[in-house]
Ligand SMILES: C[S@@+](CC[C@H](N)C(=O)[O-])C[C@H]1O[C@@H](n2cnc3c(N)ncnc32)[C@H](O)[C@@H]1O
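Okay, here we've got a single chain as structure tokens, the form predicted alone, with questions on binding and movement later.
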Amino acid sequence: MIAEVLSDPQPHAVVDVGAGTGTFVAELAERAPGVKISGIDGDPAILARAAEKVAQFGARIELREGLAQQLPIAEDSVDVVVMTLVLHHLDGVTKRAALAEARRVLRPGGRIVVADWGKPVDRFSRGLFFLLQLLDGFDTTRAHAAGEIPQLIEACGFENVKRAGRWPTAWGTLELLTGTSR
């Protein structure tokens, strides 16, 4: 679902923040052979697993240790920043810092793609999301439950913020949000 959002226009450089075991960067590398991809994660053990998964793609994929709020990426150097299920782990101050960092590394007109929990669509999904909040914390998920993530993205330097998709899951409502850097 995220790879489809990235296809038009095709970017030259993409950063996956919270790359984990490299599943998305590997999928993107297969779908878009000309794209340079950086996978950033704060866990060196997870990055080691990702390195094994993406070794076949060679230098097109660079894995680096780093945090969402302090990306080891040059300013104005990438076309797309992807954050998948990252923001709901961060407190409000760190969420803002992470989105500001995404804006910093994006070229003017670059795109942000965020896949994370959104406002529950009904009582059932609200109950499911409550269980997730018990696990991940109410402070880090409050803005998600209130549906405030699109406004937060805008406040951090993005425009044309849109909901590109919304899906019910076992943990609540997953949203795909996109925006353009100013």
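Computed from a prediction, not measured in an experiment: that's the story for all the values here. Numbers follow the displayed sequence, beginning with 1.
Absent from the display: the form predicted in complex with the named molecule. The rest refers to it.
Tell me which of 120-128, 43-51, 149-157, 29-37 has residues with heavy atoms within 4.5 angstroms of the named molecule in the model of the complex? Checking each option against the 4.5 Å cut-off leaves 43-51.
Can all three of 92, 133 and 141 be found with a heavy atom no more than 4.5 Å from the named molecule in the model of the complex? No: none of 92, 133 and 141 comes within 4.5 Å of the named molecule in the model of the complex.
Can you check whether residue 113 is within 4.5 Å of the named molecule in the model of the complex, heavy atom basis? Output for residue 113 is no: heavy atoms all beyond 4.5 Å of the named molecule.
How about residue 19: is it within 4.5 Å of the named molecule in the model of the complex, going by heavy atoms? Contact check for residue 19: yes, within 4.5 Å of the named molecule in the model of the complex.
Touches the named molecule in the model of the complex: residue 85 (any heavy atom, 4.5 Å): The answer is yes: residue 85 has a heavy atom within 4.5 Å of the named molecule.
Contact between residue 68 and the named molecule in the model of the complex at 4.5 Å, heavy atoms? Answer yes; at least one heavy atom of residue 68 falls within 4.5 Å of the named molecule in the model of the complex.
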